[in-house]
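Taken one at a time, structure 1 and structure 2 that follow are two forms of one protein chain, written as structure tokens.
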Structure 1
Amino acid sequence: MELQEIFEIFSANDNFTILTHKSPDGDTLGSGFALCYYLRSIGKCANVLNGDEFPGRYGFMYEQYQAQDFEERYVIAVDIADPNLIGSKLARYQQEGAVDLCIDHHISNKHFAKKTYVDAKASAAAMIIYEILKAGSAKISDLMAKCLYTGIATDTGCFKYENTTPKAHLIAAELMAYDIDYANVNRQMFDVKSRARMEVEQIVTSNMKYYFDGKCSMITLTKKLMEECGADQAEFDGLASIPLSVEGVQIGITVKERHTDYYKISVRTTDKLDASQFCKQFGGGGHIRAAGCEIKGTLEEVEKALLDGVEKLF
């Protein structure tokens, strides 16, 4: 499918439901709301749906948004690679044939929709939405531009990660022609933390242990520690990058207690080591710099198994 072809689908149809993926992030929501606001701007009916709540940090995207009442006739999934990511509360859309069009940037896309447009080179789905709108010379509002910028910025770690392409920068430059208050968006997305999260990170770093001349670091999150901390379980997500953020560390390991004697392991590595290879020996896998596995045993056994594995690397 060409970009122009997708753009024409927007004009040719009406009463759109736009699906965003569960545990929504800035890209799925930024893509979804930008598309929704565009469709509404040309007189179409459109809603954005999510199986979970919209997180407060993306409030600017939906504070003016009101769900519309209409009989759905066309379903678009954005940034959704797999029907499972639609989430159980929207299970009706997981059935075959339920989604008319899927716009995505994951190479792993399952092609579950009737029509699928995947650009695996795009750093974010928001880049594809922008290109579709541009292909159709669509009028882009400031709010749409802000949603799209947020999608690109959040999926690239503010243009920091390897998935940042020259095109991501070029589109960011174009979106800055709109009134998007990008510095404030970036502050909210990247610098601001809840007080609970701040405390969690503090506890985690104070418990970090170093091995092999500081080339390996490990944090261990036991149920007891997490309960004592009193913060929401969600505040313990996304901590896996912390062990690798210490100078000299080549492999950072996060050990999280799931059940008694059952641990979930997240591994992050610098370009010197292969995280996926490391996790394979424990039956896990993932990407070269970020991988995971699960290990059964007491905490001591799990830590020992991991450190034995690390020792082989050096």
Structure 2
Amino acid sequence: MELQEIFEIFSANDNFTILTHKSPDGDTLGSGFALCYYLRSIGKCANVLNGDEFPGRYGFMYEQYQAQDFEERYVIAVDIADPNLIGSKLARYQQEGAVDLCIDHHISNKHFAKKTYVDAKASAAAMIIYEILKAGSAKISDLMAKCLYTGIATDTGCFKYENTTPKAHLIAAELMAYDIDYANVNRQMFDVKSRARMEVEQIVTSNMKYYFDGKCSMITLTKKLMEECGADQAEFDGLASIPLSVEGVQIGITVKERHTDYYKISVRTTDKLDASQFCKQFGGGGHIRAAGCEIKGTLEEVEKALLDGVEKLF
């Protein structure tokens, strides 16, 4: 598909539902809300849906947002590579043919929608949304620009991850020309942490485990730990980068308990290993340096399965 073709879809349809992935991050929400605000600005009806609650740290994106009442006619998924990432609370959209258009930047995208646009070279889905709007000469508001900038900044780790491209910097620079208070966005996204989050970091860091001569590190977040610290789910964004920050580590794994015997796995790797291929063996995927999956079983079973997979790498 061409960017202009996608833009014309926006004009030709109405009553949009925009799906964002569960455990939402800045990119899926930034892409979803920016697109929603654009569609509403041209007189369309549009809502953003998520199986989980919108995290409070992204409140600036949705403080002006109110869901509209309409009969859904067109469904768009943003930053969703796999229908399972939509979540069980929105299971009706996981069915074949339920999603009309998917806009994504993950090379592992499973092409579950009727139409799919994937740019695996894009640092963030927000970059693609921006390029689509630019292709149609759309008017971009300050709020839309702020959402898109947040998506790019968060998915590139404030422009320090390996997925950061020259184009990411160029688009970010264009968005910075809007009134978006980008310095405060970056501070809120990367520097400000709640006391509960700091306590979690202290605990998981002190209990970090090392394997294979220090080339693999792993941290574990149980529901009990998260409840004892009094932090909500959004407080745990970014923890996946901690294991890889240790000198000598080539693969860092974060194991987070979602439900009893059900764990979300986040994997980060150096340039020596492919995180997406590693997660693929567990039914997941993502990017070369950052990927994820979900595994059922006891914590001991999950850790063993992951370490068996790491052993194959080494």
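Note that the rigid core is defined as the largest set of C-alphas that superpose within 1.5 Å between two forms. Everything numeric in this text was worked out from a predicted model, so none of it was measured. Start at 1 and count along the sequence of structure 1; that gives the residue numbers used here.
The same chain appears twice here, once per structure, so which copy is the form predicted alone? It is the second structure that is the form predicted alone.
Determine whether the C-alpha of Phe33 shifts by 2 Å or more between structures 1 and 2 once the rigid core is superposed. Result for Phe33: no, shift under 2 Å.
Threshold 2 Å Cα movement between structures 1 and 2 for Lys215, core superposed: Lys215: C-alpha displaced by 2 Å or more between structures 1 and 2.
Smaller rigid segment rotation relative to the larger between structures 1 and 2 [°]: Hinge rotation between structures 1 and 2: 28 degrees.
Superpose the two forms on the rigid core and tell me the Cα shift of Gln250 between structures 1 and 2 in angstrom. With the rigid core fitted, the alpha carbon of Gln250 is displaced 6.5 Å between structures 1 and 2.
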